[in-house]
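Next up: a single chain in C-alpha cells, the form predicted on its own.
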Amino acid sequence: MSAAPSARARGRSARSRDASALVSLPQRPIGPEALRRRLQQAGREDWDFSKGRIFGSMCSQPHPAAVQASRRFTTANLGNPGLCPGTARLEEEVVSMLLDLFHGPAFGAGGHVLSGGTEANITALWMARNATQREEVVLPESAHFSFLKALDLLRLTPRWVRLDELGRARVEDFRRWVGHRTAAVVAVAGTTELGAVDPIPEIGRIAEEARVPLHVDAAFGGFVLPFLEGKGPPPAFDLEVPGVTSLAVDPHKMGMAPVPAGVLLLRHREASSSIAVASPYLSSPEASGLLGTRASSSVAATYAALTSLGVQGYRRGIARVLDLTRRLVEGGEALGLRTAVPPTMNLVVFHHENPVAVQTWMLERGWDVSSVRSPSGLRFVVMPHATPLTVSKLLLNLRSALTRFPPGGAGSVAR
C-alpha cells in the first residue's frame, strides 16, 4: 500500500487550491516589496536543483553564463526576425555548431531553436505528413508522450513497434510496418524511462529503402552520447546515419541551458517549406514553425552554454555524472536491487514491484525520484546538480525505504 501524503503536504496543497480560488486582479499595485515577498514565498515552495535532491528530472541547474544570456535577451522575438538580426545570427551559429556536432552534411542542412523536444517532435511529424501526404507513423512503444500529442493534433495513425529485453525498438517490427502508407518513422536515442538507444543504423536503412523520413528523438541522449569516453564508440544515432532526416535535441537537459530550449536539426533545410505560411505583416514573408512569438532568449542561452563549455567541458561533465551513476548502481546493488537494463547513460532503473510506494516515501522525506511501469521499477536520473554527498544521502534514505518496502517483499505488490 502506498504511503499517504504527510499532513504538511496535504495542508500545503489545500492552501494552494484555496488561494487559487480567491485570487483576483488587484485594484491597486501591490508595490515592489510585497511583490518580492510573494515571489520569494512561491520560490521557496518550488524544488531547488542546487540542493542536489532531485533525481527524477532530466533538467538541471543551468550554466551561469546561460542564465545571464537568457536575461539579456528577454525581449528578443525571432517570430519577427527582422527586429532581432543579432539574435537571428546567434540562432544560425547554434544550429551550425550542433550540425557539426551531430554530423550534418556540409551543405543544405538547417534547423531551428524551439521550446523543447515536444515542439521539435510535433514539428518533425508535421513536416513529414505534409511532405508525404500520408497518414501513418511507425514508432516504438518507448516514444515520449509528446508523440501522442503529435498523433492527435495531426490526425496520424500509429503503428507501434515492440521493445526488446533492453528496452530498444525491435527492427523486425519496422520491416513489418514501414510501407506506402508511412509518413514518418521515429527512433529514440535515450528513452525517457530507461535511457535506451534504438538500433538507428538498421532503422535508417529501412526508412531509406522506403524513402520515408526518419526522425530521431535525442532530446536526452543528444548531449550525452557524443561525449562518452572509455566505453568504446557510442551508438550511432545522428545525421551521420544514412536515412536520418531530422534530429531533436534539448539543450535544457544535459546541454546546461535554462528551460525552455530545444533544437530541431534537418538534413534538408527545405523541409521547413512544407509547413510554411504567409506572414506579410512581419519582417519575413513566411513563417515556418509552430509558434508565432518565440521566446528567443533560449537562443542566446543555448549559445552561451555551448561556447562556455565546449567539447572539453561537456566531456568533463558527462564523465562526472557517469561516475556518480556508477556509485548509485553499486550502492543500489548493495541494498539488494538490480538494474532493469545496463545503464547506457546517466539514467538508472532498479527493479521493484511497488515503486510508487518507495517513490512516495522518498518524496515525503525531500527526495525526488520517479517510477516506471514497464518494467516495474524505480528510476533515477543523475544530473549535474548531483554530488557524491547527495548520492550517498540518497542511498541512505533508499535503504530506509527498502526496509519498509523491500523488492519482492511484504511491502510490495505483485506485478
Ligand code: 0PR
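The first residue of the sequence shown is number 1, and the count goes up from there. Fair warning: this is a prediction, and the values are worked out from it, not measured in the lab.
This protein has a second form, the form predicted together with this ligand, left out of what is shown; the following refers to that one.
Q | Gly116, Ala219 and Lys253 all contacting this ligand in the model of the complex, non-hydrogen atom within 4.5 Å | A | Yes, each of Gly116, Ala219 and Lys253 comes within 4.5 Å of this ligand in the model of the complex.
Q: Taking 4.5 Å between heavy atoms as the contact cutoff, choose which of Thr192, Ser272, Thr87, Thr132 touches this ligand in the model of the complex.
A: Checked against the cut-off, the match is Thr192.
Q. Just one of His112, Arg267, His144, Arg168 has a heavy atom within 4.5 Å of this ligand in the model of the complex. Which one?
A. If I apply the 4.5 Å criterion carefully, the residue I get is His144.
**Q.** Heavy atom contact within 4.5 Å of this ligand in the model of the complex, the stretch among 103-111, 154-162, 116-124, 74-82
**A.** So the stretch in question is 116-124.
Q.
So in the model of the complex, is this ligand close enough to Arg379 to count as touching (4.5 Å, heavy atoms)?
A. Close contact exists here: in the model of the complex, Arg379 approaches this ligand to within 4.5 Å, heavy atoms only.
Q) If you check in the model of the complex, is Ala357 within 4.5 Å of this ligand, heavy atoms only? A) Close contact is absent here: in the model of the complex, Ala357 is far from this ligand, nothing within 4.5 Å, heavy atoms only.
Q: Decide whether Gln61 counts as a contact residue for this ligand in the model of the complex under a heavy atom distance cut-off of 4.5 Å.
A: Although this ligand is absent here, Gln61 would stay clear of it in the model of the complex, with no heavy atoms inside 4.5 Å.
Q) Can any non-hydrogen atom of Ser57 be found within 4.5 angstroms of this ligand in the model of the complex? A) Yes, Ser57 is a contact residue.
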